[in-house]
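Quick setup: one chain, the form predicted alone, written in structure tokens, and binding and motion questions come after.
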């Protein structure tokens, strides 16, 4: 088994997420990235990433392939490169398309299904992954060493990935909405924009770190900030008046429902392509 620094990894589909993955890995090993409109990823070339529009050549030259394409493209891409990826590990970051579908499209490769979020752009992603049963212990160790270059990782059962797409994959957008709202509130009170943004962002970072490091329930930590007749309780009262917790619960529920619908549609299309 090769070490990470000895690998050649090809990222097929160097969009926002795929490009970030390629850039992160380029500091550790040889990386090739593909995209149909290659002029859009010229910045990766400056980072030492090999650029090409040829998926088959990129997959043939690589030890490990990362798929970062749209769900509708997974089966066509896998079928086109199936002959050159036999026995190789393929890590798919495409939503919805399950391991069994990908295995039908490329039966001889060793598959991993993964999901991350936009924070990989600053190496702070939260990457969830589910390997096929065929992945052995040595391959799993190598897989984890790769994924850790993008941020925190967590192995999960594949059945949870659709909901986690709605929560963790989409989650940064929810957090950005919270930070934006805090900034607007501070602007309304006369705080300079840059100071308001930095204060809101660092407050979010600190609160998240405290939550993870203490292991305490969010309600318990919130209670530690509240004092009788103090400042925070008035703010919390207004948030509760607006039913903010219900709003976030409904947002996760709506996004999860949409994720399931899109996943089912994508899977039906993929099965149709395989069986057609």
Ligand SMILES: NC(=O)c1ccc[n+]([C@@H]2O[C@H](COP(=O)([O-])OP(=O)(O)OC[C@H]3O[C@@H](n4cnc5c(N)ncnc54)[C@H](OP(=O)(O)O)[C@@H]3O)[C@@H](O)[C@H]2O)c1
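Fair warning: this is a prediction, and the values are worked out from it, not measured in the lab. Numbering follows the first chain given and starts at 1.
Although it is not shown, the form predicted together with the ligand is what the next lines describe.
Partner-facing stretch of 134 to 142, 147 to 155, 103 to 111, 73 to 81, counted where any non-hydrogen atom is within 4.5 angstroms of the ligand in the predicted complex = Of the options given, it is 73 to 81.
Residue 129 within 4.5 Å of the ligand in the predicted complex, heavy atoms | Although the ligand is absent here, residue 129 would stay clear of it in the predicted complex, with no heavy atoms inside 4.5 Å.
Residue 169 within 4.5 Å of the ligand in the predicted complex, heavy atoms = Residue 169: contacts the ligand in the predicted complex.
Would you please decide whether residue 245 lies within 4.5 angstroms of the ligand in the predicted complex, comparing each non-hydrogen atom pair?
-> Residue-level check for residue 245: no, no contact with the ligand.
Hey, in the predicted complex, is residue 261 touching the ligand, heavy atoms inside 4.5 Å?
-> It does not: once the ligand is placed as it appears in the predicted complex, residue 261 has no heavy atom within 4.5 Å of it.
Taking the ligand as it sits in the predicted complex, which residues of 82 to 103 have a non-hydrogen atom within 4.5 Å of it? Please list them.
-> The stretch 82 to 103, when checked against the ligand in the predicted complex, contributes 93, 94, 95 at the 4.5 Å heavy-atom cut-off.
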